[in-house]
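Two separate entries follow, structure 1 and structure 2, each one form of the same protein chain as structure tokens.
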Structure 1
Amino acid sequence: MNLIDRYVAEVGKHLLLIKGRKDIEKELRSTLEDMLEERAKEKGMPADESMQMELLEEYGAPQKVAETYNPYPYLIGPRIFPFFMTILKIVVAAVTLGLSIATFVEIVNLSPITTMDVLSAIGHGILNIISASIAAFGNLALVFALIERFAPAAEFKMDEDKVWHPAELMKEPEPNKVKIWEPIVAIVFTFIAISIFNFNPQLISLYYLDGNTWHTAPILSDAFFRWLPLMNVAWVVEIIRNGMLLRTGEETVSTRLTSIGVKLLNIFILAMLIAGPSVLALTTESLTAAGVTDPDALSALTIFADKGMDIVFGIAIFGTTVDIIKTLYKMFTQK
């Protein structure tokens, strides 16, 4: 391996994320060989190592050469940065709102209420908000970095200001248009769900008063929380999709395909929930403690916990399948 080969390989190491790396290396080697040949001719002597060194020194440090092939050396480039900021603001606001409500509920449920407990709950709530916001920032940055690398540019013409004309008011409503509040509401509620299920699952409990003391019994079982990571994936992708809708104001092939992907994932999760043990942690003991003493009611509720949810999930699978068919129909009929 001569110096030129080593140099090309060194440049290549810094081009790992650049499309057409092999082509760039091949062209670089060919150029360097041309240049070396010309120098040898000018000097009237065969090319040697010192000549190669001189040439490579002039050509520049491998890293600098590689950098010239990367016109957008950003983790999240200017094309999608405003979109990223919009989503981040909504997400942080939703996280703060969701966890503030959770902290409030926690404080209300304190029994007996002492100043120390209230301060401790508030401190805990603030720490939760900070850690959830940092986690949200990290996850969003990761997803947007992936979009920056792999998403087709045509789907993200975000920095182009659309020219508006009053004649647009006379147009018939467009079927692909989405109302601005729909994605905002979806993002806020999805984040509230993420915050509650991931950071405050104890809120989804059966609350009951025993004398002067409030008690809670969890409603959801481990069989539900086992699938939470996959649910998180579906929720995060759904947030991104709604962010795209917020930015473009209309459904595109990408948003519809993403929607179908999320729905297929939801069907899979629902099917797994049906196949596994009951997602409800309602037992005769917890229901009795919560004040359900009628034997018929107890029996009905425990049967519901065991089998009823499967029917609910089955209906949800049917509804989601219908949704997928509707989305596909729209994809092929509304250009």
Structure 2
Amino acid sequence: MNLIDRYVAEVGKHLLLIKGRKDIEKELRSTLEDMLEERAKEKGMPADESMQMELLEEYGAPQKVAETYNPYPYLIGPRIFPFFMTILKIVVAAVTLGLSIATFVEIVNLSPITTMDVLSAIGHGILNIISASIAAFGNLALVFALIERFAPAAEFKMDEDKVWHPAELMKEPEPNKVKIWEPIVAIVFTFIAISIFNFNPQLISLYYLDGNTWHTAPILSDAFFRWLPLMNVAWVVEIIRNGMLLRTGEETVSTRLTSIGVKLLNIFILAMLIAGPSVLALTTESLTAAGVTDPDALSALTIFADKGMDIVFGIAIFGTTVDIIKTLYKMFTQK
């Protein structure tokens, strides 16, 4: 193996690309061999090892040459980094708000309330906020790293400076445009849902005041939390979709297909919740332990736990199906 072959092989080791690596190596080898042949003709002597070393030294270190072929030498590039920072700020704000509310509720429910218990609850809440924010940062960084590699550049084209003209006032609203606050609100509330259901499920309880004492009873059963991992998948994908809407400012084929996929997943989850045991943990025993002693209230709540949620989930499935049909209609009727 001559020096050029060794040089090309060393460049190949530093290439991040898998597909097309052989073509790059072949092109580089051909270029170097042509340059060596031309240099040998100029000097009027056959190419030898010293001439190869001179050529390769001028061409540059293999790692530097490989960098010119690597399209993504960074985790999150300048194309979407501003978008990443915007979403990160929204997410951290949502996590902080949700966990702050959870900490406040925990403090209110302390009985008796002591200074040490309050300080302990505040410290625990701060640690929860920090850990949840770090987790959110890591998850977003992973998502945006994947977007950087695989998302079409057109989806994240940076806005160019435009010259405004009064004629724009006469334009009809674009049917695919989205209001900027809609994806922001969706992202915030989705992260609040993730933080509550995953980190503070105790907040989803029945609160009952008996005299000066608050009683609580969990509302959701294990049958609900069994499907929480799949719900998290749907929520994360929905955050990504709203993030794309926030960046592009309009619905695209990819965002609509993603929306349909999330809705189909939600329908599946709802169907499984209907088919399985009751998702409500409101039994006569738990309600009585929480301080509910009125027989009529006990009867109404237990009946709702058995049948009421199935009706609610059925209505949700119907509404989601209608949304899917509307999305498909817009895909085929609007540009």
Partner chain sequence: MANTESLENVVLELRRGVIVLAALSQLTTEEYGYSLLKKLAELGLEVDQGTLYPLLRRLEAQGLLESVWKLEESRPRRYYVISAEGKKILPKMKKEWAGIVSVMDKMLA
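Between two forms, the rigid core is defined as the largest C-alpha subset superposing within 1.5 Å. Counting starts at 1 with the first residue of structure 1 and goes up one by one along its sequence. Nothing here was measured: the structure is a model prediction, and the numbers come from that model.
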| task | Choose the one of the two that is the form predicted alone. | result | 2
| Taking the rigid core as the frame, does residue 52 move its C-alpha by 2 Å or more between structures 1 and 2? | yes
| said: For a quick test of reading the superposition: does residue 323 move by 2 Å or more at the CA between structures 1 and 2, rigid core aligned? | reply: no
| task | Any chance you could measure the C-alpha shift of residue 33 between structures 1 and 2 with the core superposed, in Å? | result | 8.1
